[in-house]
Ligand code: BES
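Below sits a lone chain in structure tokens, taken as the form predicted on its own.
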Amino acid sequence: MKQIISVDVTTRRVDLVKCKTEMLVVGRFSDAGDPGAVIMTLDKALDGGISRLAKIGDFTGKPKSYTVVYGEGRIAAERVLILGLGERKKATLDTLRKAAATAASRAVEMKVKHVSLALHPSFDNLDAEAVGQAIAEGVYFGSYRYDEFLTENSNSRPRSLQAEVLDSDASQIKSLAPGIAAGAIIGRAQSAARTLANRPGNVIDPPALAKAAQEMVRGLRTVKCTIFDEKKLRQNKMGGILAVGAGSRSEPRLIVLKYSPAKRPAGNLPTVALVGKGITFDSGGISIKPAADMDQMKLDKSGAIAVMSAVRAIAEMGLPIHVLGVIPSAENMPSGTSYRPGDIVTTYSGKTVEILNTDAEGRMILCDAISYAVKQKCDVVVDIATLTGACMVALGTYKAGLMGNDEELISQLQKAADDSGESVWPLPSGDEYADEMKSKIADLKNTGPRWGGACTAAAFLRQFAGSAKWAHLDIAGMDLFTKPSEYASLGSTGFGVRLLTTYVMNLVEKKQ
């Protein structure tokens, strides 16, 4: 398999006009009479080439727009990519992140191997470290391409991209550098997540996912990886995971990543469990799905991979907080050994569940994993899963559903979503929804009525959280780009890596 594009993000102190590079990148707002010092300096050196574009209406700075001006020896850069940033008053960190992603994406498409970014001066009202992080995350996100199964001759994209953030002021470079370093760690983790999620079911099954988790944390002394095979799952009576995996020739697994920081955590920091759904392929089982778009069900492991990658990023940054990654994994297939509608399953918690639909399998593996995290005395449990089509009906492909039993935790995740650019929207999951999940012949049933499916699914999971603070992220609809955009290639989004990592970073920062 071909190596995914290698990316490196650095800093350099240099005057923009004297910057020798294949492509210099700057940004312009659409509502600014003053284009800013960066644009004005370049425009002067280019004999008014940029201002002429604005004057004739060829470039207005609207969102998603971009244009290229060639240096032609007037400046050291071969070309200048000017990105539209939209209205200044609406600009956020995610505006910057997407601008950096657009620049990286254009660089790959144009086969540019060295790109120099001077986007940050347009965002001087934002924290420099956060700005640096957003730029680095954007570069990794935009440059990503999943083409490891294409032959070399069918794709001539660059093998690597060297990106640098420029400024003539050494103190500004120093302010940006810590954020760039953190953003590079998160960006690499998200790219790794996208690759694993994109790999098909004949490449990634539960044992292969467990091996990938071991590889992901290899060399990190602060992370211990424990794998529960089928024998150990039976010994621990993890009936939910075992039931879902019963129809496949690939045995189910429970993957546990325990991060113990080298540096002693600050007082009163919680032990956080991140729980991710790892269905490596979801046919629906006996309650089989329609054939249309079933190929996308290789992405039903996206929550699991987000957790694996977030733990990797947290460990690489050495954050002083205890984190437990819990990843239940199974392949949901129809066969003579599959679990059936009408079955009653005893879960790890001891609660019994009546199976009404084998395609409601995610909650069956997650309930065992949540119970395991609670038994490990985690104070906070956050699960993430491509769980319900109902959430996608409610929120489309723009936001993940957020539900939970603690308002402070929900607020913290909303803040992390704003900071990371991975959007969420709160939905209810209270007692009225839990009542819909009660069975007459078991403690619970695994599906509820037609309406409010995302909320009833979350209410089901809530029954396994015990006294822990718990939140649920339903990322159905957020896991996949069905077509490329100006800043992203099609395939897995890696959604959740930035959000979960940022949530943990914010917890640590609040206590320091």
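The numbering used is simple: start at 1 and walk along the sequence shown. Note that the coordinates shown come from a computational prediction; the quantities given were computed from them, not determined experimentally.
One more form of this protein exists, namely the form predicted together with this ligand; it is left out here, but the text below deals with it.
For Leu209, no non-hydrogen atom is located within 4.5 Å of this ligand in the predicted complex, even though that partner is not displayed.
Shown alone here, Val374 lies farther than 4.5 Å from this ligand in the predicted complex, counting heavy atoms only.
Interface membership of Glu331, defined by any non-hydrogen atom within 4.5 Å of this ligand in the predicted complex, is ruled out.
This ligand in the predicted complex is not approached by Lys232, whose heavy atoms all lie more than 4.5 angstroms from it.
Although this ligand is omitted here, in the predicted complex none of Thr11, Glu129 and Ala182 has a heavy atom within 4.5 Å of it.
Note on the partner interface in the predicted complex: the residue among Ser143, Thr386, Gln190, Thr280 having a heavy atom within 4.5 angstroms of this ligand is Thr386. Among the residues Ala107, Ala360, Val345, Ala273, the one placing a heavy atom within 4.5 Å of this ligand in the predicted complex is Ala360. Figure note: of the listed segments 305-313, 171-179, 366-374, 386-394, the one touching this ligand in the predicted complex, with heavy atoms no more than 4.5 Å away, is 386-394.
Contact residues in stretch 278-310 (any heavy atom within 4.5 Å of this ligand, taken in the predicted complex) are Asp282, Lys289, Met297, Asp300.
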